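What follows is one chain in C-alpha cells, specifically the form predicted on its own.
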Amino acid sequence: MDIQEVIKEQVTTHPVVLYMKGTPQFPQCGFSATAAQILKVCGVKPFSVNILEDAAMRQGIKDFANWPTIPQLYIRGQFVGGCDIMKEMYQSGELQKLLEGLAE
C-alpha cells in the first residue's frame, strides 16, 4: 500500500490521530511532548504514529498535509495543525469543542 493511502486510512479510521516524534508516553521532542500533553489534558487518547520509526512516513505525512513540521494532529479526518496551533486552539477553547465526544 502506498504511504499516502496508509496515512489516509489512519486519519479516516481513527477519530484522533497524532503524528509525532516518539510516543505519548515517551515523546522525543518538546513539541511532540506538548501536543501529547494537550490531548491528555483534554481526556483524549490519540492513535499515535511515531514518525521516527519510518522515513517514508516521516516524509509522507509532510506531503499529505502539505505541512513541513511534526507533530501533526488530525481530528475526524481533518488536519488541525501542529503544536503552536494546538496550544492556541486549546487556550481559546476551540480544541476542546473539536474533541467533544471523543474523550475516553
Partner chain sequence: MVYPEDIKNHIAQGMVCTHLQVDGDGRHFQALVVSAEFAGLSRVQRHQRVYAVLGAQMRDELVHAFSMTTLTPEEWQVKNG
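All values derive from a computational prediction rather than experimental measurement. Positions refer to the first chain, counted from 1.
The same protein has a further form, the form predicted together with its partner chain, not shown here; the description that follows concerns it.
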Point to revise | Option touching its partner chain, based on a heavy atom within 4.5 Å in the predicted bound form, out of 29, 57, 44, 75 | key: 29
Check your understanding: Should residue 69 be counted as a contact of its partner chain in the predicted bound form, where contact means heavy atoms within 4.5 Å?
Key -> yes
Check your understanding: Counting only non-hydrogen atoms and a 4.5 angstroms cut-off, does residue 81 reach its partner chain in the predicted bound form?
Key -> yes
Check your understanding: Closest heavy atom of residue 33 to its partner chain in the predicted bound form, within 4.5 Å or not?
Key -> no
Exercise for review: Please check if residue 21 has a heavy atom lying within 4.5 Å of any heavy atom of its partner chain in the predicted bound form.
Suggested key: yes
Practice item. Give, in sequence order, every residue of 85 to 103 that has a heavy atom within 4.5 Å of its partner chain in the predicted bound form, or say none if there are no such residues. Key: 85, 88, 89, 92, 94
